[in-house]
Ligand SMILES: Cc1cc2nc3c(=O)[nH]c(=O)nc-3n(C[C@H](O)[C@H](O)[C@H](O)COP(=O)(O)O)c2cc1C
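Form predicted on its own, single chain, as structure tokens, below.
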């Protein structure tokens, strides 16, 4: 299908294009997958309290992050094995986000490598690093990222070791990141502390994003240490199992940060309405990693552009119907919690697929 009109069609096409191993790697989580399901259940549990008779004839959904314009308040998070889903790997995502107008966070476990990609697709983007070496090794990587033109540096802090993902284990499927973990490379991740953050802030001028924040205490510590962006994430339910839904963590993190730095969030966000809920609860932008991978799996670079265009339509439609003409109108009083209607799953945002559409 070349002319996708809905995100559901894109997800359905991705499922048809991927073999079982790659599909399970994309949609799966760790251990019991409760964190994976809770992410989606949390998003479903927040519902709108729309306001009426407000002028929403010209809805505005653009914003900025670290001084860079975002056409919609969305970022494409780091996916270590994105090359599994798109032949061009991170370059396909880079070209798509450049065409549409959002930011990419490039994973260090990704092809092509960060310097080659920067040369191939110049433009603002953030580089995310998994530590696989000592401090001198890390410093060298950061220096090279700055030289290559990266506008932000993201340190993922919730991957102290590689988790047990039974969907993969039971099929003996080992992704690139799993092969690295199996070789013992993640020992440097396990040794990472707040001293690592202090060192980066002291030595480098590049904006620092800490990804994997899951409580107000760590959010407050980030801000006190000069972190430039606090990123709420539980790795899409793929690391520690039995964690809170990221959207439920978000309000306490936003309160702890107190508007001093931007707050990003990911985890279960698949539709435009999901993005709007997060914005109501104080997020500055939302990461949508699985949607990113599903889109490129369905049709590469152009389908990711299409997915972002559909997402923009959904965001603006939701804002208008909720009575919000601007992002500033999206406040906590527009949402409340209710019991979800259906059991949550990673793809429960697309119910029509199960009905045969």
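For clarity, every value in this text was computed on a predicted model and none was experimentally measured. Residue numbers count along the first chain shown, from 1.
One more form of this protein, predicted together with the ligand, exists but is not displayed; see below.
- Figure note: of the listed segments 191-199, 262-270, 217-225, 137-145, the one touching the ligand in the predicted bound form, with heavy atoms no more than 4.5 Å away, is 262-270.
- Although the partner is absent here, residue 89 sits far enough away that none of its heavy atoms falls within 4.5 Å of the ligand in the predicted bound form.
- Using a 4.5 Å cutoff between non-hydrogen atoms, residue 80 counts as a contact of the ligand in the predicted bound form.
- The closest heavy atom approach of residue 307 to the ligand in the predicted bound form falls outside 4.5 Å.
- Heavy atoms of residue 290 reach within 4.5 Å of the ligand in the predicted bound form, making it an interface residue.
- Note on the partner interface in the predicted bound form: the residue among 100, 114, 130, 153 having a heavy atom within 4.5 angstroms of the ligand is 130.
- Think of it this way: in the predicted bound form, the ligand has a heavy atom of just one of 109, 96, 253, 281 within 4.5 Å, and the residue is 109.
- By the 4.5 Å heavy atom rule, the three marked residues 15, 38 and 350 all fail to count as contacting the ligand in the predicted bound form.
- Scanning 232-254 for heavy atoms within 4.5 Å of the ligand in the predicted bound form gives 233, 235, 236, 238 in sequence order.
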